[in-house]
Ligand code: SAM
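Just the one chain here, the form predicted alone, laid out as structure tokens.
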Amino acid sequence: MIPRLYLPVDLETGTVVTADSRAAHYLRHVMRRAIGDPVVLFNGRDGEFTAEIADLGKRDVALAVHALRRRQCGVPDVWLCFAPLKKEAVDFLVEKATELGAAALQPVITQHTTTSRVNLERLRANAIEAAEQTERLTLPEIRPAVTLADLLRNWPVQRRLILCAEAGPATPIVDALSELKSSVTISNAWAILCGPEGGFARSELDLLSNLPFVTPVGLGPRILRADTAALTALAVFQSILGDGAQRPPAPLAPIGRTADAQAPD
């Protein structure tokens, strides 16, 4: 297994960068790597690079950047807006939403939300680990929690909001997204909104359903946990309107101690 690391530094062929304390701990104490061992690096903007460990100090690790392995690419412009959940559930939600390619994660305080405290540093750490493990080249934007009223007050009207509605008129999500896909006025900016464990208040559903940029959808006959509902909606969205239907990329060549000079086409 070749360690793959996110580093918030500029990456360029022929340079030497220093790993932050998190990455240094991972390489030294978790993966037990040594000088000369290969690694893969990305920073969310310059692409993915092959590299190797150039020096192992007591407190830091120097990494020699070799060749560009993959050029930078993004994810579909879809936000996942969700009511904050308990610690384990929100950790799971952020990890899987990162794997599924959410561009931004927006906690939203609703009337029935029972957990209002959001640890942004913890959410970001979970997102980084998920991106490292799943070949993603970007990190989702982790945003501070806002109330539902503030979210809607500042909403960009050109962004279509897919509302996961537990009650009231709602089209099955596959039908709704398929219809939006065939629309000549289809937007390239999307968001999904899922409520808390206790669901949306009736007044919230009425308010949201009457907004022109909102499409209420149903997720089927079963009662889903809040984290399951959000991830289900995101997975269906990606399969119909996102990048889930694209042909998977060709496998990359194995990484050795000597990197190729060119990135794959």
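The first residue of the shown sequence is 1; numbering continues from there. Keep in mind that this is a model prediction, so the values were computed, not measured.
What follows is about the form predicted together with the ligand, which we do not show.
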> Just to confirm, Gly195 within 4.5 Å of the ligand in the predicted complex by heavy atoms?
Replying inline: yes
> in the predicted complex, does Arg222 have a heavy atom within 4.5 Å of the ligand?
Replying inline: yes
> So in the predicted complex, does any heavy atom of Glu166 sit within 4.5 Å of the ligand?
Replying inline: yes
> Should Phe237 be classed as touching the ligand in the predicted complex when contacts are defined as heavy atoms within 4.5 Å?
Replying inline: no
> In terms of non-hydrogen atoms within 4.5 angstroms, which of the given stretches 206-214, 47-55, 222-230, 28-36 touches the ligand in the predicted complex?
Replying inline: 222-230
